[in-house]
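The data below hold one chain only, encoded as C-alpha cells and taken in the form predicted on its own.
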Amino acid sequence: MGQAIYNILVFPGLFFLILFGWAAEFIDRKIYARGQKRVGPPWYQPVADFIKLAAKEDIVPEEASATSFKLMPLIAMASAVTAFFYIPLWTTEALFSFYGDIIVVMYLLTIPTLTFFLGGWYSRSLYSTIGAMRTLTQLFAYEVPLFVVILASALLANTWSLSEITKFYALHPHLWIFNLLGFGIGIIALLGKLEKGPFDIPEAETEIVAGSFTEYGGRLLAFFRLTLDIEVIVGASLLAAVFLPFGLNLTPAIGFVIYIIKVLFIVILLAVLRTILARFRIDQMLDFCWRYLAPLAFIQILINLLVKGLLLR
C-alpha cells in the first residue's frame, strides 16, 4: 500500500510529472525564443510563473457558474495524471495495466480538452466562449487521426493493452519501422491536442486574448497551465511507448535514460514545428485534418494489416 502511494504521488507519479512538465516547458520556450532570435527564459521560469499565479487571488466572474468554473482545472489535471499511470515508460509494464487500457488512456486524454471547453463556456465571457467553441471544433479535427494511428499500432500487436503492445514490439523490434507514418501523424495531432502552434487557434492571443482561459487567474489558471505541461509529458510518453518501443528490455536505469531521451526528442520536435509554422485558421485546421491526416491514418491501418497478414501469419 505504501509503495503504491509513493508511486502515485512521487515517482513515477505526480511529483515526477510536474518536474518533468516544467522542464519540457522550459525547453519548448527556449527553442521557440531561439527560433525568433531571442534569449528566452531562465531555467526556473516555469516554476516562478506557477508560484506567481498560485499566490494571486482567484476571481470568479459574476455571471459565471462558480462551481463548474472552479472544478474544471482540477478535473483536467486529475485526468491527465491518471492517464500517465497506464502508459509503459522505461519497462514493458505500466504502473497499472489491464486489457483495454489503451481506450481508457485515450478517453482520459480527451477530458482535459473538454474541461477547457466547459471552463470557457461557464465563464460567460465573449472571448472565453469563442475560445471554447474553437476548442471543441478543433477536438473533432485531430482526435480521429490520433485515435486511428494509435489503434493501428495496437492492431498490428493484436492487443488493446499498452503494456502488451510494448511487449509485442520488444519481441519484434523490426516492426516498429512500419509505424513511422503513424508517428508523424501522431506528432501533428498532438500539436492540436496541446493547442500549440500552428494549431493554437483556441487561444490566439492576437484575436481572442487567451480564449477559454481569458477569465481565469490565480491558482485556477496555474492548475490549467500545469495541466498543459503534464499533458505534454503524457502525450509524448504515449507516442514513445506506441511508436518508439525500444530500450524497454534493458536495466531500469538504462531504460529510464532512454525514456527521457525519447520524450525530450518528441518535445523538441513539437517545439521546432510550432516555431517554424504559422497559425492556421480554424477552417484550415479542419480541412487539413480531414482531407490529409485522416486518410493517411487509415493508410497506416492498411499498412499494418498487410504487415500482419504477410509477416506474422
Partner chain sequence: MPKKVRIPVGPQHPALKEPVSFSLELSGERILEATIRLGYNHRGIEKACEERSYIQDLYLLERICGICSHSHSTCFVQAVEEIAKLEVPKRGLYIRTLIAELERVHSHLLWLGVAGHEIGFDTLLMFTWNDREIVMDLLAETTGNRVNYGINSIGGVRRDITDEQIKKIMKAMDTLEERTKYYIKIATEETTIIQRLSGVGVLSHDDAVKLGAVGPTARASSVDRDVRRDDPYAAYGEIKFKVITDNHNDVYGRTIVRVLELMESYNIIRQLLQNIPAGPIAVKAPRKIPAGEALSRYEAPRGEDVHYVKSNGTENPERVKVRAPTLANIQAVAHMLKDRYLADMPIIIAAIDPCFSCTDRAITVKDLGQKSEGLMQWGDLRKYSIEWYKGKGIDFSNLKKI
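Positions refer to the first chain, counted from 1. Only a predicted model underlies this, so the values are computations on that prediction, with no experimental measurement involved.
The same protein has a further form, the form predicted together with its partner chain, not shown here; the description that follows concerns it.
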*Tyr122: heavy atom within 4.5 Å of its partner chain in the model of the complex?*
no
*Report whether the minimum heavy atom distance between Gly35 and its partner chain in the model of the complex is within 4.5 Å.*
yes
*So in the model of the complex, does Phe183 come within 4.5 Å of its partner chain, heavy atom to heavy atom?*
no
*Consider Glu93 of the chain shown here, and say whether it contacts its partner chain in the model of the complex, taking contact as heavy atoms within 4.5 Å.*
no
*Want to guess which of 148-156, 207-215, 111-119, 81-89 is within 4.5 Å of its partner chain in the model of the complex, heavy atoms only?*
207-215
*Considering its partner chain in the model of the complex, which of Leu269, Ile258, Val60, Leu286 comes within 4.5 Å of it through any heavy atom?*
Val60
*Interface residue in the model of the complex among Met133, Leu191, Ala170, Leu139, criterion: non-hydrogen atom within 4.5 angstroms of its partner chain*: Met133
*If you look in the model of the complex, which residues in 253-283 sit within 4.5 Å of its partner chain (heavy atoms)?*
Thr275, Ile276, Leu277, Ala278, Arg279, Phe280, Arg281, Ile282, Asp283
